[in-house]
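In the block that follows, a single chain appears as structure tokens, in the form predicted on its own.
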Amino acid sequence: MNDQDCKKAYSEQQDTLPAFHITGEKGWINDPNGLVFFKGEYHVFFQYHPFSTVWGPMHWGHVVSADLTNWRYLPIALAPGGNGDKDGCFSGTAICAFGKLYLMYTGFEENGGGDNIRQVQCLAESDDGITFKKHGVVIGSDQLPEEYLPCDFRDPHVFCHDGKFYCLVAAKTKEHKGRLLLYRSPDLFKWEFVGDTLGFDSEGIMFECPDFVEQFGMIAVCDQLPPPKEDGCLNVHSTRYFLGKMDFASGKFEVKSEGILDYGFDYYAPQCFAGIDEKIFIGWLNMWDRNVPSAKYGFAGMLTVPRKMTVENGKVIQTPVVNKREVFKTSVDKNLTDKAVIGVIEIDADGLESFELKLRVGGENFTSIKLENGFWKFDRSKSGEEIRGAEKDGLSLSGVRKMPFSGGKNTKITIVLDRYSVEFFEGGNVMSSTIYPPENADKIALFIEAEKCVYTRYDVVKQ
């Protein structure tokens, strides 16, 4: 293949990838890992299987950005094969300390499966943020309380408080329920158990991917296989948050309020950037036990756009972070038509009475968002290629998710569109879902009744 053919092949591959959502370019990705601002750039690592579009031995993929929208790929940061991680480098977090970047992650040893599996917490360090030296196991199975299973002990979240390092780790009791455990260290290498943080079981079989934001007094955590709940937790695995206060001496967290982080079909394992004052999260824009139609293009899985989070009146408020420029703005009287596959749409309405928006319309295909009986109804039943999950409830089987409408005189809506995804923001809440429409499905149709409505569309600024 000559240079011209190579350039053409590369261009064709880029045309099948999301325009600005992080993927592995090829292969499978899931949880975001090690989000950190280090040496003037935003670093995002992620669970990565570069050799297949299905889950396999986990590596840590790696991208960096100056603006949280345009990402540059770096070499794989961690690969299985070391002390404690011979079969996989599972999820974890990053911290800047002693002038270096440290990654704390779960080492996985399959050992024939079942009770013989071992999951331990490992450490790696880097001077440049690109190449990493592994230090092996720093929290082993012998540091688990007796009532916990060493085969399910994972996803360390490392952070610093009052000059000491802490690590929140997900674990499973011998009764097969999830708990969150807190450890403490003076130096990231020697750890002691502090306490059972939440003091109650997961609703499903296991907690995963905890994240703690001291500024908000917030723990975000995923729950495996909880029973479906009417508040929107209908996915086979749900992502919730708890607001309260941590007692670092006992390791206990007092919960004062709680909620759901995303009401859509595809969201899991959110993590906050370390090393910056603003609290910006990224999650996995997919869900376990689903088919992934993009596999035919050589990649499976992507991450959400970054989201800035604040807390107001006991509730988490989320807004998207996208480098964008305005390209179209108009007032709307009852209806509007437009075109977009990639970009950001903002709708600002006073006195909203009714609303229906159809996105990626082409032939018989469309994705709709409708205001109905005090809820936003997201419907992807006619979005394009079928996405099948393990959920059995009626809404899921009909391709629908719902999210509460904030109400009030003014309604501000933001919709982030990429080739295979829709992220819908309103009132601080979010619905995130993948879609796989035909490439030429690019029309937009808005039907609205309101005292006043302004529609603005933005292009994403690519570098």
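So that there is no doubt, residue numbering starts at 1 and follows the sequence shown. Just so it is clear, the model here is predicted, and its values are computed rather than measured.
The protein also exists as the form predicted in complex with beta-D-fructofuranose (FRU); that form is not presented, and the subsequent description refers to it.
Remark: none of the three candidate residues (Asp266, Phe366 and Ser383) comes within 4.5 Å of beta-D-fructofuranose (FRU) in the model of the complex, counting heavy atoms only. Only one of the listed residues (Tyr436, Trp55, Phe37, Phe405) places a non-hydrogen atom within 4.5 angstroms of beta-D-fructofuranose (FRU) in the model of the complex, and that residue is Trp55. Residue-level contacts in the model of the complex: of Phe90, Tyr102, Tyr183, Trp376, one residue has a heavy atom within 4.5 Å of beta-D-fructofuranose (FRU), and it is Phe90. Screening 416-424, 64-72, 28-36, 394-402 for residues having heavy atoms within 4.5 Å of beta-D-fructofuranose (FRU) in the model of the complex returns a single hit, 28-36. In the model of the complex, beta-D-fructofuranose (FRU) sits beyond 4.5 Å of every heavy atom of Phe159. With a 4.5 Å cutoff on heavy atoms, Ile345 does not count as touching beta-D-fructofuranose (FRU) in the model of the complex; it lies far away. Under a 4.5 angstroms non-hydrogen atom cutoff, beta-D-fructofuranose (FRU) in the model of the complex has Cys209 among its neighbouring residues.
Among residues of the shown chain, Asn429 is not one whose heavy atoms approach beta-D-fructofuranose (FRU) to within 4.5 Å in the model of the complex. Of the residues in 281-303, only Trp288 comes within 4.5 Å of beta-D-fructofuranose (FRU) in the model of the complex through at least one heavy atom.
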